Structures are given as structure tokens and as C-alpha cells.
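Next come C-alpha cells for two forms of one protein chain, structure 1 first, structure 2 second.
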Structure 1
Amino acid sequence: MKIPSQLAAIPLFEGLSEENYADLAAIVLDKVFHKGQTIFSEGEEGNGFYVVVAGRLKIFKLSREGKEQILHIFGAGEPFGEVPVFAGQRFPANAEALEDCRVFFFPRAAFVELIKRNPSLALNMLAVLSRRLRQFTLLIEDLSLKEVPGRLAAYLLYLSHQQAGSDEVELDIPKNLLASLLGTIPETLSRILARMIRQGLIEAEGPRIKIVDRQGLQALAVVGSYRST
């Protein structure tokens, strides 16, 4: 597929002219990462940012003892690694492919030039960063002010919302990743799922989870977190 038409499918580049797409196509690099491969590491210098074309990847922090906190899981169309482009210097976290991935890479200098010339691109990028800030705000709230069952309940409701409001949701990531995304460890997640089943809040069978008591989950989650962003 031709690159310009793929660029048009990226929300960040919405509203740009044909000429802009040509400019972008001229600076973009097309990269592939295999499952498990590191895309970049915390502390590394970043001289450009990325957009996911296909596949999924995680952005995460690692503690000295090896515990992992996932900040985001990104899929097709989502930009990542933008912080060093504008705040100078280094990546604040790590990125690793969860599946085989194809990504576009936009080198910093050329992209900044483009932004200078293109107010709507600048505004789109401001929107992306602002949404991320809002998202982080929710994650911080979760980590600091809620307990694990509350975060899990919020996540299940969010999934249900994503999946057309169905009561039968399917986890789109393995449970060990989910644990890391919720700021806990697999053992704890497992126990809490078991407890929720015992309490009649949900039923589960592998990655398929049935929401039995929506009210109950909402009470745990205090509704509102994990909005669609």
C-alpha cells in the first residue's frame, strides 16, 4: 500500500492537505519490530517519534527489582514516543512490541519544521498530548486512591463499553499484562478475580468474562475512570 494513503488513516494527521501528506511521506521511515523486541528504552535519546501502523506494543516502566508498570498499550493509528521531540532529550519509559509490529518513524527536525508550517498539525499534536495527560491523571488517581478491585472493576466496565456495552467481555491481553497495567501482579489479580466470582459480581472462563452484577462493579469502580480517553 502506498504510504500517503496510510498516513491519511492516522488521526494525528487528520485535516492535512495532499501536499502535507507528501511532505510527511518524504521524511517517514518504515520499521518493523518482532514480538518481544525493544523499540526504545528509558533514558535513550529520542530524535523522532513513532506511529503504530500494525500490531500492538506496550509503554512501560521497570523497577529495580523487575516489577513492571504498563503506562499504555498502543495499537494501529496511535502515536508514541513524542515526549523527547518537544521536551528535548530522552525517553521517559520503555517500549516493547507485544506482537509483530509495523511502525512509522518521523525524524524530529523534519517533523518540527512541518509543525511550524502547519498550525492544524500543531493543534492535533497538542490534542494528543493533552489526552495523554488526562489519561495519566486517571492512572495516578487509580494507583494512589483506589484499591486493586476498584481498578479491575473500572477496567472491566471500560472493556464492556468498548465492546458495544455487551455483558460478555473478552480480555484482549493476557492476564499477566493486565496485572501490570493495573499496577499489580498476576497472583493478586488472580485472587481478586476469584473473589469477584465468589461474590457473584462476574463469571469467568479463561479470557471470557461475564458481567453479572454491573451495579456492584460500578460501586467498586466509583464510575468515571477508564473513560474512552
Structure 2
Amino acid sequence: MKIPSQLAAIPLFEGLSEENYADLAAIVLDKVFHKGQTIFSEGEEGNGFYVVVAGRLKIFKLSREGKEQILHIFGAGEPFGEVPVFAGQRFPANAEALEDCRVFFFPRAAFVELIKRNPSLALNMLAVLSRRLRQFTLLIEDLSLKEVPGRLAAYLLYLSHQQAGSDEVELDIPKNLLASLLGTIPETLSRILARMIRQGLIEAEGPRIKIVDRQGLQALAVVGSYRST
């Protein structure tokens, strides 16, 4: 598939003209990162932004003690590192490939020139950035105000929403990464999953989770702690 056609399939750029896609294709750099490879590090100059074409990657921060906190996990079609393009700042976190990834890289200077000529590009990005800001706000709320059971319940409901409201979902990342995303450790995550099963909220077989009591799971997501048993 040619790059203009691939760009047209990316939500960030949907609805643009063929001329816009040709302009974007003229500045984009097609890059491949292998599993475990660093894409950028916190503090590096934000000289452009990326869109995932294939594969998955994580955005994370490290504490002074070396503890990792995953902020986001992105897959195909999702942009990342875009804020520095507008703010002219350094990358605020690290990005690393979770598996072999193909990404499109848009250099800041060239992209800003395109926006000056085609303001519709900026409007699309603002819509995506607004949704991203809301998601990040909810993440901060979950990590700071809810206990781990509430965070996990909210994540399972989020997966269900992403998969057309199905009661049967599949964890899209390994449990050690999920634990980091939820601000806990794998052992604690396993204990919480086991307790959810005992309470009849879910059934689990490997990475596949079946939501048995959706109302109970929603209540746990809101309250953030276990109901009495």
C-alpha cells in the first residue's frame, strides 16, 4: 500500500484532500524499531511526532529509584509524541517498542510549515489531542484517587467498550505491563484478579476475561475498593 493511502487510514488525518496526503507523504519518514528498542528518551528535543503503523509501544517514566510507570500503550493508527510539535518542548517521557514496530515520523519544522498552509491539519490534531487529554486526566484520577481494584475494574470495562461492549475481552498486554500501567506489581494484580473471580465479578482463562457481573464491576470501578464478602 502506498504511503498516501496509509495516511488516509490514520484517524489523525482522516477526511483530508488527496493533495494534503501527498504533502504529508513528502515529509514523512518511515521507520522501524525492534522489540525493546528506545524510540525516544525523556528530555530529548521534541523534533517531531510519530504515528504507529504496526506493532505496539509503551510511553513511560522512570523514578529516581528506577521504578517504571507506564503512562500509555499505543497501537496501530495512534499518534504519540505530538505535544512537543506545538509546544516546542522536550519529550516529557520515554518511548520503547513492546514488539517490532513500524512508525511514521513527521519532522517538526516541515510539519509546522504544512499546518501554516493547511489549517485543517491542525483542527484534526486538536480533536485527537482533546480526547487524549481527557484520557490522561482520567488516568491521573484513577492512579491518585482509586485503589488498585477500582483501577483494574475500570480497565476491564474500558476494554469491553473498545471491543463493542462485549462481555468477553482479552487482555491486550502481558500482566506485568498491565500491573505497571495500573501502578501496582504483578503479584498484587494476580491476587485482585483471583478475588474478583471469587466474588463472581469475572471469569478468567489466561488472558481471556469474561465479565459476569457488569453492574458489580462498574460499582467497583466507581468506588475503587472491594465490596464486602
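From a predicted model like this one, the values you see are computed outputs, not experimental measurements. Take the two forms, superpose them, and find the largest set of C-alpha atoms that agree within 1.5 Å; that set is the rigid core. Structure 1 provides the reference sequence; residues are numbered from 1 along it.
- Between the two chain copies, the one drawn from the form predicted together with the DNA is structure 1.
- In the core-superposed comparison between structures 1 and 2, the C-alpha atom of Ser17 has shifted by less than 2 angstroms.
- Core-aligned CA deviation for Gln163 between structures 1 and 2: 2 Å or greater.
- Superposing the rigid core and comparing between structures 1 and 2 gives a CA shift of 2.8 Å at Asp213.
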